[in-house]
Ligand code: OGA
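Shown below, as structure tokens, is a lone chain in the form predicted on its own; questions about how it binds or moves come after it.
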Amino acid sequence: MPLEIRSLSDALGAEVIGLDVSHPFDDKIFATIHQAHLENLVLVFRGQNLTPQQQIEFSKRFGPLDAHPSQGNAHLEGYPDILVISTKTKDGKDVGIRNAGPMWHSDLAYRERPALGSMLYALELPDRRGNTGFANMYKAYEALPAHLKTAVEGKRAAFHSTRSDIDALHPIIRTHPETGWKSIFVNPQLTTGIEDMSETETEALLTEIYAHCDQPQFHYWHEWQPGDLAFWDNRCVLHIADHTRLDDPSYIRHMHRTTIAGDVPY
């Protein structure tokens, strides 16, 4: 089957058909995939059948991996580069992170060097729900009202993670290191404040920005299929998981995630 890249929505996202990423492929194909990722922000590789090591090797084509600083037993045994996202339990304990991404966020934004991107591989899926939402922060920035662009110009936001107690300051408007395009980088899950602004001013400004970003024209909701491997660009994409059935014991959502290390935002 020839390689095909097919758009998934007007906002962002494309599916890659005809590529088995468990096998090596040449630099020409990789260049096509890399460019498609920059242009579509989210790529979904359909019909994959991957071992943990194969997922790791494919992920490394895009850069060195970044270990997630999660607490507890959230990494796959024997594979510290793979974070388990799962509602499954073993001996009465969660086997991974159960409620991953309950709010819009960008992975590891609280670090000095946030993630370049993340790859999430679907192993077991629920009968319904469990979708993942993605938001195009390029488009959100382009459509940002003039008064908000002025308000955030040159400002930095603070980010914090309760899981790892890490803090960082990053520009609210980030420039992508490869495309040169600008995007909104704050998010409601990890952003805790704005430098040199009062708590009241910060809350008012962020509330308005989040309301702007939470518009359907910026979003794509991915309905997972068995064997999907999704790769998103954390530098210009927010994502959120639909976990409205976490209290339902029949709800099984089991996935493996690798994270590609990024650079310092500017």
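All of these numbers come straight from a predicted model, not from anything done at the bench. A residue's number is simply how far along the shown sequence it sits, counting from 1.
From this point on, the text means the form predicted in complex with this ligand, which you will not see here.
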Is this ligand in the model of the complex near all of A100, T132 and R257, within 4.5 Å of a heavy atom of each? yes
Do R235 and this ligand share at least one heavy atom pair within 4.5 Å in the model of the complex? no
With the partner left out here, check for me: in the model of the complex, does some heavy atom of A241 sit within 4.5 Å of this ligand? yes
Whether I85 contacts this ligand in the model of the complex should be assessed with a 4.5 Å heavy atom distance threshold; does it? yes
For L120, is any heavy atom within 4.5 Å of this ligand in the model of the complex, or not? yes
Counting only heavy atoms and a 4.5 Å cutoff, which of 136-144, 170-178, 87-95, 103-111 contacts this ligand in the model of the complex? 103-111
